[in-house]
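This document opens with one chain alone, in structure tokens, the form predicted on its own.
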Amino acid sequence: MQLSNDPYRLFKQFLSLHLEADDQITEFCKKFKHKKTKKNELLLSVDEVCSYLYFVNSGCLRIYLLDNNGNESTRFLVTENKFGTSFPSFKLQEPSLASIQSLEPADLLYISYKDFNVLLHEYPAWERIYRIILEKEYIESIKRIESLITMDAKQRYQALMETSPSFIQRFPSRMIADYLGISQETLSRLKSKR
């Protein structure tokens, strides 16, 4: 995805959907810093306290867990025009159970925990945007959990094809299988039947 010279362009567009005052958009942008990452760069490791909330201009962040045997479990894939963090760690300022990895070279904006809270306390509009983001992400999380409980592998794959078809082409099969809670063999069979 080609970005303009302004790394805040997408973020400003996102904010303008929820704000009318340009001065607030300017103030919010001042609190976010710009960062480019390399493919597979770790932004947060297990047991670190998550200090940042990210906004993805381009690329993808993967939030994942490791079990006792070192097996990865993908919790979230955060793509363009979305926010992502290890939320429990960020909000509670406790060591994270999850890691955050930049799956692809990414162009990100990020805000520190301190500056995030400054915006919450000083701008009711930021608190409203935060609530909208939280509600949307919470609903998506609940739907994902429900799909893992109520749908079989084929239904989960079809749902992913309907909501995020680019994931199938964009990410490795092992990661998609993990995200769907199915084996790579099952994913291969489902792909071959399409």
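A quick note: this is a predicted structure, and the numbers were derived from the prediction, not measured. So that the term is clear: the rigid core is the largest set of C-alpha atoms that superpose within 1.5 Å between two forms. Position 1 is the first residue in the sequence shown; the rest follow in order.
Although not depicted, the form predicted in complex with the DNA is the subject of the following passage.
J.: Wondering, does Val49 line up within 4.5 Å of the DNA in the predicted bound form on heavy atoms?
T.: No - in the predicted bound form, heavy atoms of Val49 and the DNA never come within 4.5 Å of each other.
J.: Hey, in the predicted bound form, is Gln13 touching the DNA, heavy atoms inside 4.5 Å?
T.: Although the DNA is absent here, Gln13 would stay clear of it in the predicted bound form, with no heavy atoms inside 4.5 Å.
J.: Is Asn5 one of the residues lying within 4.5 Å of the DNA in the predicted bound form, judged by heavy atom distances?
T.: Asn5: no contact with the DNA in the predicted bound form.
J.: Even though the DNA is not shown here, does Ile182 get within 4.5 Å of it in the predicted bound form, heavy atoms only?
T.: Ile182 belongs to the contact set for the DNA.
J.: Does the DNA come within 4.5 Å of a heavy atom in each of Ala153, Arg174 and Lys191 in the predicted bound form?
T.: All three within 4.5 Å in the predicted bound form.
J.: Only one of these stretches, 128 to 136, 24 to 32, 165 to 173, 52 to 60, has heavy atoms within 4.5 Å of the DNA in the predicted bound form; which one is it?
T.: That would be stretch 165 to 173.
J.: Against the rigid core, is the Cα displacement of Gln24 between this form and the one not shown at least 2 Å?
T.: Stays below the 2 Å threshold, so no.
J.: If we fit on the core, is the Cα of Ile182 displaced 2 Å or more between this form and the one not shown?
T.: Yes; Ile182 is a residue whose C-alpha shifts (by 2 Å or more) between this form and the one not shown when the cores are overlaid.
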